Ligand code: F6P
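The chain that follows stands alone, in the form predicted alone, written as structure tokens.
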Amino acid sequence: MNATVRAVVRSALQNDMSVVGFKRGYNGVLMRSSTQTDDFQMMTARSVSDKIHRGGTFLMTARCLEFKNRDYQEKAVSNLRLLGVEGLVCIGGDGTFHGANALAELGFPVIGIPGTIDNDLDYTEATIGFDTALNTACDCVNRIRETSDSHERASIITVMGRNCGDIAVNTALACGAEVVIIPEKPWTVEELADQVRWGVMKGKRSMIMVFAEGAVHSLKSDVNAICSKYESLSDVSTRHLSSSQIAMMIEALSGHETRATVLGYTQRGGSPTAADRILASRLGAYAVHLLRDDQAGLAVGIRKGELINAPIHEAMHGRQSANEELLNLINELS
């Protein structure tokens, strides 16, 4: 996001526009802090110096659930117009795009930039942050593979992505994982246990299973029936099933030691990759150019290396489907 903000600010200044940076997302636009400087700041070229390589966002971010309410949306428009703001660039994912679309419906010019590691917006091939999260996940899986190989165990590694399996699929392929489990495809614990068992029989010293965090919703096994057969599974909670509990079931069914690791927020931080810095710079400048040319109510993205835009009300509804080519390739190469 820092690289994106940098591109927006410097491109706007080059096009003779002044820039205001709102803090903590829509909270800043609503001016909810006790002091003005906690809500927004005037941006200069120096404001974004030494930022392109830094993770996170120096403008900070926060959820604003009240922004779902039309009264708050109208207040935001009023605040923006009182400040003399003529257009707003909104960087984020699903929640950000819904807020931006609401402002667009009220007649305020907005451009949405996809900043989410989940890569779950169908209109664009890539979202800012996805490549960085993917590379971080790959580095972690590589380290876990070495430990798993030394201890001759199976590992189930949970990556982020909400209800989209893109991080999991790409991580699995890049790291040579044997199995990938994603929300878009139904799966069973019995199938995973069989794959572990066959892997051991074929002489594999380690087995890597990459698990997308939302994949628990596509589980088709009767967990209660499985747990009733094994005393070691008596503590498994069917209401809040975790990857650790899935690992316990795989171990019970396969007879092979299985450990679980949740990568969590390590995937959301760190210095962005070169690919993300370049994408952020291109999309940030493109958003400014659209506003300069009096085009708004759009979300920017990329397809086949080319910058594209789509109506924001369409962009926020599409969801990526599972990449069958990559899934088949994982199965073939594992």
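Note that the structure is a prediction, hence the values are computed from the model and not measured. Residue positions are given as counts along the sequence shown, with the first one as 1.
Below: the form predicted in complex with ligand F6P, not depicted.
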Please determine whether Met160 contacts ligand F6P in the predicted bound form, using a 4.5 Å cut-off between heavy atoms.
yes
Any non-hydrogen atom of Arg268 within 4.5 angstroms of ligand F6P in the predicted bound form:
yes
Within a 4.5 Å heavy atom cut-off, is Arg63 in contact with ligand F6P in the predicted bound form?
yes
Applying a 4.5 Å heavy atom distance criterion, does Thr96 contact ligand F6P in the predicted bound form?
no
Looking at 231-239, 115-123, 193-201, 73-81, which one sits within 4.5 Å of ligand F6P in the predicted bound form if you count heavy atoms only?
115-123
Which residue, Glu184, Glu178, Glu213, Asp166, has a heavy atom that falls within 4.5 Å of ligand F6P in the predicted bound form?
Glu213
Those residues of 285-308 which, in the predicted bound form, come within 4.5 Å of ligand F6P by heavy atom:
none
